[in-house]
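Shown here is one chain on its own, the form predicted alone, set out as structure tokens.
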């Protein structure tokens, strides 16, 4: 299998800056995932745990959680943050480097989550099915998965801005005093296969005035609502709810919003 880590393996700078990026730092999904984990009673498996943005608050809430990620750079940051936590929090966490399409764990979980769209780095139906079948296999009886993807905006998909750098985010300063401005660019759109090639471009200004340009390049495959529902059904799940946001507002209450599927194994 080819690697589908969303470019997070290519360079450690992405993991190093990840938690400081303003849209990630302010992303309103933590309470949703923590509350759902608490309702499940645990244990939880987080597929694509990254730096621990969701995983650590879940463990602090008293829920045992296993984090799976393909990127060693992201896991290294997560381990470093976990080491700062009290021993009781550390004891609730198990971190594993693995591929979401092909992993085998001895434990079965009451909840399996995919926060912030790692599923969309799977670019073929075969890989998507492999991932969902694997999730199904790791659920305990009565266990549930959450599939977290974005709802494609038709306006965005047809916008004539290929190759343009879009600067919409506030800049931030790292603890080392590096000022960071991040832009994004859609390099190409494969409308037939529903794959966008994207670049996140980081402009760094170091305290000594040195400037640096770093690029995080990756592909994402977007899915429409019923396409995702059919995938889940094909892989042995029944959709219970579809939310447009992390406040559990129903799909259609905002556009484009998110596509957050809460399902159960059947």
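Positions refer to the first chain, counted from 1. Quantities reported herein were computed from a predicted structural model and do not represent experimental measurements.
Unshown form predicted in complex with a small molecule; subsequent notes refer to it.
In the model of the complex, does each of 50, 53 and 74 have a heavy atom within 4.5 Å of the small molecule? Judged in the model of the complex, 50, 53 and 74 all sit within 4.5 Å of the small molecule.
Could you tell me which stretch in 181-189, 92-100, 136-144, 168-176 has residues with non-hydrogen atoms within 4.5 Å of the small molecule in the model of the complex? Every other range fails; the passing one is 92-100.
Residue-level contact is defined here as any heavy atom of the residue lying within 4.5 Å of the small molecule in the model of the complex; does residue 261 satisfy this criterion? Contact with the small molecule, no.
Is there a non-hydrogen atom of residue 121 within 4.5 angstroms of a non-hydrogen atom of the small molecule in the model of the complex? Yes, residue 121 sits close enough to the small molecule in the model of the complex that at least one of its heavy atoms falls within 4.5 Å.
Determine whether any heavy atom of residue 116 comes within 4.5 Å of a heavy atom of the small molecule in the model of the complex, and answer yes or no. Yes, residue 116 sits close enough to the small molecule in the model of the complex that at least one of its heavy atoms falls within 4.5 Å.
Wondering, does residue 243 line up within 4.5 Å of the small molecule in the model of the complex on heavy atoms? Although the small molecule is absent here, residue 243 would stay clear of it in the model of the complex, with no heavy atoms inside 4.5 Å.
Looking at 70, 59, 228, 37, which is the one with a non-hydrogen atom within 4.5 Å of the small molecule in the model of the complex? By the 4.5 Å criterion, the partner-contacting residue is 70.
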